[in-house]
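Okay, here we've got a single chain as C-alpha cells, the form predicted on its own, with questions on binding and movement later.
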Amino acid sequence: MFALILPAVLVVAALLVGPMVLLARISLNQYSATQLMIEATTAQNYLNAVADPYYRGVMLTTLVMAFICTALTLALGFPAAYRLARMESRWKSLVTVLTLIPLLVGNVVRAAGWLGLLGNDGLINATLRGLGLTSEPLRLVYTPGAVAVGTIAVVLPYMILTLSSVIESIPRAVEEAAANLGASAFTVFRRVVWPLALPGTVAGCVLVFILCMNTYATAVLLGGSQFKMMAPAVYDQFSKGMNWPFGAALAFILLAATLVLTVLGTALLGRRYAR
C-alpha cells in the first residue's frame, strides 16, 4: 500500500514541503541593501513584523475581511446549496455546471469585470446618472466593500458545492417527519437541517476562510493602493522592497494565523456538533 502512495508523497514533498523549508530558512536571514540578504539564524524579522503597528493593522484588516466574507458567503451559500441539493428535475446537472463555471475564470479576469461594473464610468454609475439619481459617480470601487463583494464572488461556488453534497445526504423523510409533528419551516431548519449539515458547514467555512485570508488579485485590483491585506504585503516585500527575509517572515506569520484560527474554529464547531 505504501508503495502505491509513495509517488504522490514524493511529488508533494518536492513541490510543497521543499519550497516551504527553503522559505523558512530565508525568513531567518538578515536583510542587506547591497547583498539582498546575509545568511544568519535570527528571529528578528518575525519580531519586527509583530512589533510594527503597520503590519499589525494589515493583519487585523485581513482577519476582519476574512471573517466577514466567510460569514456572508455562508449566509448566501446555504440557501442556494439547499435548493441545489433538493432539486430533482433534469436541470440539476445544468445548475451544478453553472455553479462551477465561475471557477474556470481567473481571479484577475473576474476582478476586472467588477471594475467595469463598479467603476466611476461603470455600469452601475452610468445607470444611476442616466436615471438622474446621481450627478456625481458613487465611489464603489477601491473600497473595503468592493473587496468583500469581489472575494465573496470568488469563494461562493466552493461554499455552495461543499454544502450541497452534505445536505443531499440528509434524508428528506427526516424533514417531512419533523414537519408532520408540527415543526415550522424555521424549526425544521434549526433542529434538523442545520445540525445534520454542520460537518459540511465546517468544511465549507474552513475552505472559504483560508481562501479569503490569502486573497491577492481581488484585494489589489478592487482595494487599490490604500487598502492593504497580508498577501499583497508579502508580495510587496519580495518584489518592490527586495527584502526577502522579511517577506518570508510575513508569509509564515500569515500561514500561522490561518492555521491556528482554522484549527480553533474547526475544534469549536466540531465540539458543538458532538453535543
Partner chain sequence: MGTLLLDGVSKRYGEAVAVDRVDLDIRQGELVALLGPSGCGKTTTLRMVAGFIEPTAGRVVIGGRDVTRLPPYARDTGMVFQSYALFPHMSVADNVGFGLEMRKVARAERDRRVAEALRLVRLDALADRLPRQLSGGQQQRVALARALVVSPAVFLLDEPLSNLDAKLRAEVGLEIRELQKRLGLTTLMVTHDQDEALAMADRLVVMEHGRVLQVGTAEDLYERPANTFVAGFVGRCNLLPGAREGADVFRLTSGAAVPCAPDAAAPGGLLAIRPERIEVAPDPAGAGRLRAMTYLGGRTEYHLDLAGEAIVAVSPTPLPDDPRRRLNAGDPVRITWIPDAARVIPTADAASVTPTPEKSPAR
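Numbering follows the first chain given and starts at 1. Predicted model, so just to flag it, every value in this text is computed and none were measured.
Just so it is clear, the following notes concern the form predicted together with the partner chain, a form of the same protein that is not shown.
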Subject >> Which of 79-87, 114-122, 181-189, 138-146 lines the interface with the partner chain in the model of the complex (heavy atom within 4.5 Å) >> reply: 181-189
Subject >> Partner-contacting position among Val174, Ala71, Leu103, Leu128 - heavy atom within 4.5 Å of the partner chain in the model of the complex >> reply: Val174
Original post:
Though the partner chain is not shown, can you say which of Leu196, Ile152, Leu161, Val202 has a heavy atom within 4.5 Å of it in the model of the complex?
Top reply: Leu196
